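Just the one chain here, the form predicted on its own, laid out as C-alpha cells.
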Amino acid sequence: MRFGALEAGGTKMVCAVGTEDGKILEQVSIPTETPEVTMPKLLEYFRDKDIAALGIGCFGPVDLDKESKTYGHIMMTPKMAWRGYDICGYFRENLKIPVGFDTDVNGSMLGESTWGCARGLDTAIYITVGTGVGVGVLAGGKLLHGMQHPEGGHLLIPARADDSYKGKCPSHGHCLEGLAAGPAIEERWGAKGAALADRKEVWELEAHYLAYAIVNYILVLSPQKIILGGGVMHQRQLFPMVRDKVKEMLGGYLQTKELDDMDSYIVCPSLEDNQGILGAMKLGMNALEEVR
C-alpha cells in the first residue's frame, strides 16, 4: 500500500510517496508561493500516485480540532496569503482519500517516534530551531494537541544580563524564537549562523537560551528524550554546550538514568532529515486507520 506525505513549509513544500514500512519511494520539492500557484502543483503531483491516504505536516498555527468548522485550516500565520486557507479540505475534496493533519514539528516528532531515535518511548519532544522555533510533543504515546497545539517556540525567556538585543519576535520580543531563531542570530550578530561558526560567543549565547527553554520543558513535560533539529542545529558544536548548560541549570534537582547520559538524551535527528516527511506519511496511515 502506498501513502502520500506533504511537509508543508513556508519556503518549500516537500512531497513524497512511500510504503507503510517507512520506505520513501520518491520525493520532490516545490517552492511555497501563494495557494493559487502552489496548491495545483501539489495536487498534480499526488493525483496519479495511487495513494491510499495523504498525511500533511504543516507550518502553523493550524486548527487541529476535528469538531471545529476551521479544522485543517492554516490560522494566524505571518504568511498572509495562506492565512485561513483550508489546506486539508483542498486535498480531501480533490483526491477523495483520507487526509491526516498536524503541525510540521509534531510530524517530525511522529517520524522519530515511529521509525527513529524516539521509537518505543512514551514521552519525548522534538525542537526545530531554524527560521522559527517549533516544539512537537509526544506525551503518553500520543501527539499533544490540547486547545490547539504546543507553541513552545514562544516560551518567554529573560534576556541574559549581557545581551541588550530586543528580540526578533513581533509578538513577544523575548521568547525563545525571538532570541534564538536564525533571523535573531543574523540580526543580533550581523551575519547568518553559517558565517559565524568560529565565533564562540555566538554559540555560547545561543546555547544559554536553548538550555533555558529545555530545562523548562524538562520540568513540565518530563520527556525521555529531546531531539534538536532545524538549520541552526547544523552547528554541531551547540550540542555539547547545550547539554552542559542544561545540566548546570538543573542544579542536580532531577536524578534519572536519562540525565545521567546527556549525550543520549539531547540528540540530533536520526532519520537523515526525513523525519518530517516520514511523520507526515504516518499521519496518512493513521487517517486511513480511523476510517476503517
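Source: prediction; values computed, not measured. All residue numbers refer to positions in the sequence shown, first residue = 1.
Not on display, but discussed next: the form predicted in complex with adenosine-5'-diphosphate.
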Only one of these stretches, 234 to 242, 40 to 48, 259 to 267, 219 to 227, has heavy atoms within 4.5 Å of adenosine-5'-diphosphate in the model of the complex; which one is it? 234 to 242
Check whether W82 has any heavy atom within 4.5 Å of a heavy atom of adenosine-5'-diphosphate in the model of the complex, and answer yes or no. no
At the 4.5 Å heavy atom threshold, is W115 in contact with adenosine-5'-diphosphate in the model of the complex? no
With a cut-off of 4.5 Å between heavy atoms, is N94 one of the residues that contacts adenosine-5'-diphosphate in the model of the complex? no
Indicate whether adenosine-5'-diphosphate has at least one heavy atom within 4.5 Å of a heavy atom of G153 in the model of the complex. no
Which of G167, P98, G130, G72 has a heavy atom within 4.5 Å of adenosine-5'-diphosphate in the model of the complex? G130
If the cut-off is 4.5 angstroms on heavy atoms, which of these, M76, M147, A194, A161, is the one near adenosine-5'-diphosphate in the model of the complex? A194
At a 4.5 angstroms cut-off on non-hydrogen atoms, which residues of 150 to 187 are near adenosine-5'-diphosphate in the model of the complex? List them in order. G182, P183
